[in-house]
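Before any questions on how it binds or moves, here is one chain, the form predicted on its own, in structure tokens.
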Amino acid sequence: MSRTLYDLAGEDPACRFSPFCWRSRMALAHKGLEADAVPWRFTEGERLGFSGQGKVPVLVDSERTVADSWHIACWLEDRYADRPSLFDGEGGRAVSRFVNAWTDGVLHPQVARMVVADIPPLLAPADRAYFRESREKRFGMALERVSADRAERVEAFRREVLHPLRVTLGQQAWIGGEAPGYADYIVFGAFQWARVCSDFELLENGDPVATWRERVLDLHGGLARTVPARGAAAPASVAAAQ
């Protein structure tokens, strides 16, 4: 059975930074399913015409096309119920839906303000122009201004926004409990996004959230480590090997 995942990439096709695509890549790996992660870029909307919309991730699984990371996770869980569960039951699916909404509505906007100015240099020229115009319209200011106060902003981010994660991960290894699940992949996508795009470090060494991030980077044969970090988010031994 052939599977293809359309996955956002920078000018360098090895630069895969979409938090939503990372959710799907980790979900596929969790299920033990192989997929060809095809690089897709912001200005290639027509390539996704077959999916009826214009955003990634898009999974083509044999004859089925599924768009949106949440829908992809649910598809994988239901279609491959005999493989390791992403949700560990319907209760876990319901909790993961909350984590999904919290990450999209609370965590992502905070991360975006701190890393968005570092993204354009990673993009191909056409994508760079599109990204800058669309994001500056969204924020109402130049990207450099959006991230200008991040050194001050990150303290409140660590102390307040990450508080529920820190409390949870200070008491258990994974967001879902004893084993990693889709809730972990949802949240991890935000930190992988920052890790790949920016050398600005969101987390402090010793923070339970930073320790958890390292555990997720090691999952599935170190899948997420295959994309080099731009900053200190990779241990020195890993950075030296890349």
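So that there is no doubt, residue numbering starts at 1 and follows the sequence shown. Quick caveat, the model's predicted, so the values are computed rather than measured.
We do not show the form predicted in complex with a further copy of the same chain, though everything after this point is about it.
Checking Leu203, Ile175, Val56, Ala190 for any heavy atom within 4.5 Å of a further copy of the same chain in the model of the complex turns up a single hit: Ile175.
Checking Leu122, Val95, Cys74, Ala112 for any heavy atom within 4.5 Å of a further copy of the same chain in the model of the complex turns up a single hit: Val95. The candidate spot formed by Leu5, Pro13 and Gly52 is out of contact with a further copy of the same chain in the model of the complex: none of the three has a heavy atom within 4.5 Å. Here the chain stands alone, but in the model of the complex its contact with a further copy of the same chain, taken as any heavy atom within 4.5 Å, falls in 159-167 among 135-143, 159-167, 112-120, 74-82. For the chain shown alone, Ala183 is a contact residue for a further copy of the same chain in the model of the complex, at least one non-hydrogen atom being within 4.5 angstroms. Remark: Ala101 counts among the residues lining a further copy of the same chain in the model of the complex, judged by a heavy atom distance of 4.5 Å or less. In the model of the complex, a further copy of the same chain sits within 4.5 Å of a heavy atom of Phe87.
The closest heavy atom approach of Ala129 to a further copy of the same chain in the model of the complex falls outside 4.5 Å.
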